[in-house]
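To begin, one chain is listed below as structure tokens, in the form predicted alone.
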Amino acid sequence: MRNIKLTLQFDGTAYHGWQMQKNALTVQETLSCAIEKITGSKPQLVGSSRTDAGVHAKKFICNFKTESNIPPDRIPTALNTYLPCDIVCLLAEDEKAEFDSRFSAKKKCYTYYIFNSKQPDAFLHNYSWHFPYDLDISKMKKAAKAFLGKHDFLGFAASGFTVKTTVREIYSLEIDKEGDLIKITAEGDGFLYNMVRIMAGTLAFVGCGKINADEMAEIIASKDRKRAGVTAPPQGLFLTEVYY
């Protein structure tokens, strides 16, 4: 039995996230059908992250066990024949039997895009959060420093999570602006449900003056969801990289 690791790229606009659902189209279901067509058996797919509806991925990792003898270098082309154009298999590799794309991950990187302009952009509405109010990048960068390190991020998690602990370590949180596009890049050992989107919404509130940057450390320590900002919409979020 082989353990195949896949590296995917997908536009999440048309999908209700990664995780398979009974009455909604998902990336996992679509990929599972393509794998079954090339291997002859339905796979048990394990994904590196449970992305929400509308969230995108530049490098999403998943794995499945198979008895198929298709060489790994031929799997991407075979899968892409059956996948829609908004899901692409970039790479396939044989992994050790114990490899698990979720639990073997050491670090993840997410990027969130804010389009900060008075008017929306017809080509970015599926890939960024249109925020029409002025944002002070310097204040946002100041507030971002409070997230670094290991903290209990209970106040930055949406209800419904099932993890044993809400403690996470943030290795870096960078904010860059090019023209009207603001890019927030977060790297950490893991992220809670909606955590990156809540971080982005909170930083936007700092940038527009609704939250004081000097209070960010206190807000994190309070573990009070009500003190943080809004949950930014899903379309601005990209899973950029998973490290093993």
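As the structure is a computational prediction, the values presented were derived from the model and not from experiment. Numbering starts at 1 and follows the sequence shown.
What follows is about the form predicted in complex with another copy of the chain, which we do not show.
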Has each of W18, T111 and Y171 got a heavy atom lying within 4.5 angstroms of another copy of the chain in the predicted complex?
no
With heavy atoms only and a cut-off of 4.5 Å, decide whether V163 touches another copy of the chain in the predicted complex.
no
Taking 4.5 angstroms as the cut-off for heavy atoms, does H125 touch another copy of the chain in the predicted complex?
yes
Would A144 count as touching another copy of the chain in the predicted complex under a 4.5 Å heavy atom rule?
no
Does any part of T231 reach within 4.5 Å of another copy of the chain in the predicted complex? Heavy atoms only, please.
no
Here the chain is shown alone; which of A105, I137, V167, V88 has a heavy atom within 4.5 Å of another copy of the chain in the predicted complex?
V88
Determine which one of 51 to 59, 184 to 192, 22 to 30, 206 to 214 lies within 4.5 Å of another copy of the chain in the predicted complex, judging by heavy atom distances; exactly one does.
51 to 59
Contacts from 1 to 23 to another copy of the chain in the predicted complex (any heavy atom within 4.5 Å), listed N to C, are Q9, F10, D11
